[in-house]
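Let's start with one chain on its own, the form predicted on its own, as structure tokens.
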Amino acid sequence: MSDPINVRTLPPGTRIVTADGAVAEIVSNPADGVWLFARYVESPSDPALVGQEDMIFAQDVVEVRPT
């Protein structure tokens, strides 16, 4: 098991990986610990998401990628 990710501390520009394997770059973080606003950079399960912005639920974040 990996360490928990504190999404409240993630600044815009940080790349995250979601549970479905997508990679997204944080655009805005309201620091509520629940949501992140991000733009998809990679999305193996749905390539149409690439370039799209969406809200990502904190529990779906499984990894933080180094910048």
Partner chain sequence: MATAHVGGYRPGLVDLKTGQISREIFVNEDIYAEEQERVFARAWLYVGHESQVPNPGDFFVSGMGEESVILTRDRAGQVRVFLNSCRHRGMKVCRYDEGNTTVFTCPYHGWSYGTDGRLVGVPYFREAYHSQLDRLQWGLVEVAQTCVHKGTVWATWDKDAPPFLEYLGDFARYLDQMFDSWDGSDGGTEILGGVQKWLVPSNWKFPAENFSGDSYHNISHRSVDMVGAGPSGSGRRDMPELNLARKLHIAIPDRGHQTTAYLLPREVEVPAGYQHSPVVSDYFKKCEEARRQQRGDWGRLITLVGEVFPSMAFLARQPRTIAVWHPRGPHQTEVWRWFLVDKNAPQDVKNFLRDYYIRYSGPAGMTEQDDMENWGYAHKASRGTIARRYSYSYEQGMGTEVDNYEWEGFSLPGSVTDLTQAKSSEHNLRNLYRRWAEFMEASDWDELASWRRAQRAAAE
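Numbering follows the first chain given and starts at 1. Keep in mind it's a predicted model, so treat the numbers as computed, not measured.
Not pictured, yet referred to below: the form predicted together with the partner chain.
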Non-hydrogen atom contact Asp54 with the partner chain in the predicted complex at 4.5 angstroms: yes
Non-hydrogen atom contact Glu63 with the partner chain in the predicted complex at 4.5 angstroms: no
The partner chain contact in the predicted complex: Asp32, any heavy atom under 4.5 Å: yes
